[in-house]
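Just the one chain here, the form predicted alone, laid out as structure tokens.
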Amino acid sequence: MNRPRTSTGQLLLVSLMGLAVSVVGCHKHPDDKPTVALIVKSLANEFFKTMEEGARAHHDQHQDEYDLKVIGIKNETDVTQQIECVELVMAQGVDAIVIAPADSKALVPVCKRAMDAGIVVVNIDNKLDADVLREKNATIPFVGPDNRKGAAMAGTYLADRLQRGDEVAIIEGAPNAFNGIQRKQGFEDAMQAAGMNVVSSQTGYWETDKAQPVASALINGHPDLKAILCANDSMALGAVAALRDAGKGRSVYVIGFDNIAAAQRLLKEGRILCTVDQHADKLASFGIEHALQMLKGEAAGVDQETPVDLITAEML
């Protein structure tokens, strides 16, 4: 007996079963409102959960202007799954995609396909790679913060508490994430300017459980280590846990980036020195507003820098 053939669309839906998906308005806009798809990284990460909540709050205030779909991948670095997310919303006929890409290079081709299909694409949070964009002849506006500047602010605040020549280490984000690269460079800018000794720089792939063993190895391998600079707060939580397990507590400074609630608690306890707020609750809204302006022909699709602010315990 011949088995029924499985269509490409069915396979795609099956592959997306593991996604954390939430949708507002699942139908094609019957009232001629545009549909905007917000595609983020892991909604298990508090930063992107806050981003989703900010987008929903914006939509609640502008329901008569657009419909919203929000999709998050299961893991921070699951690039293939995020590409499938873009393909899914393209098939659903959305008018605009606002994306925080898991990989600055790998997401460019599918975003270009979306543009070729007449969909407005706006890049937020993690900037798409300029060289790959040129190679694909794609111009996609980036609405987001200057990550290098934000990281340098945190690094400078840390340096004021250290002595020239002190040993410090960096825990980086995912290697192909532009924002992770920029934050590493910002940390390095501040440490070089202050004359610190960067003894190691390794990736923690954005995640607490991956950063914790990296931090443990750094602590054991460098007994004179004075600070660990983490490219996001999730990895800073891993560094704090590693210090606790090593019995070093507050003897090594930890800095983060994102200003999530868990980091704020550790700031108050003195376990994290500082973090950087790139305003996750507003970031998606900025991108959505930019996309809506492009759909109306009111914006040329140029980059837009959004705020970053240093956060210390005294500010909470």
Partner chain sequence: MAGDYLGMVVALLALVIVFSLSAKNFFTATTFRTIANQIPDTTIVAVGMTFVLIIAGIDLSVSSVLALAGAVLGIVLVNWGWPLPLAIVVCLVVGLVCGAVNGLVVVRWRLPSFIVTLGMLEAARGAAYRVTQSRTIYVGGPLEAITDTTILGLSLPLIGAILIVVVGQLVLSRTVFGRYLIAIGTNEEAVRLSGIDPRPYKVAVFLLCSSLAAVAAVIRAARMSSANPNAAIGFELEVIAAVVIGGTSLMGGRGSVVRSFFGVLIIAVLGAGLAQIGAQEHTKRLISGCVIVLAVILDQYRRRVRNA
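Treat the numbers as computed from the prediction; the structure is a model and nothing was measured. Positions refer to the first chain, counted from 1.
The same protein also exists as the form predicted in complex with the partner chain; that form is not shown, yet it is the one meant from here on.
Residue contact check for residue 197: none of its heavy atoms lie within 4.5 Å of the partner chain in the predicted complex.
Although the partner is absent from this view, residue 244 contacts the partner chain in the predicted complex, with a non-hydrogen atom inside 4.5 angstroms. Remark: residue 262 counts among the residues lining the partner chain in the predicted complex, judged by a heavy atom distance of 4.5 Å or less. In the predicted complex, residue 205 approaches the partner chain with a heavy atom inside 4.5 Å. Only one of 208-216, 93-101, 114-122, 138-146 lies within 4.5 Å of the partner chain in the predicted complex by heavy atoms, and it is 208-216. The candidate spot formed by 43, 248 and 269 is fully in contact with the partner chain in the predicted complex: every one of the three has a heavy atom within 4.5 Å.
49 is the sole member of 58, 279, 69, 49 with a non-hydrogen atom within 4.5 Å of the partner chain in the predicted complex.
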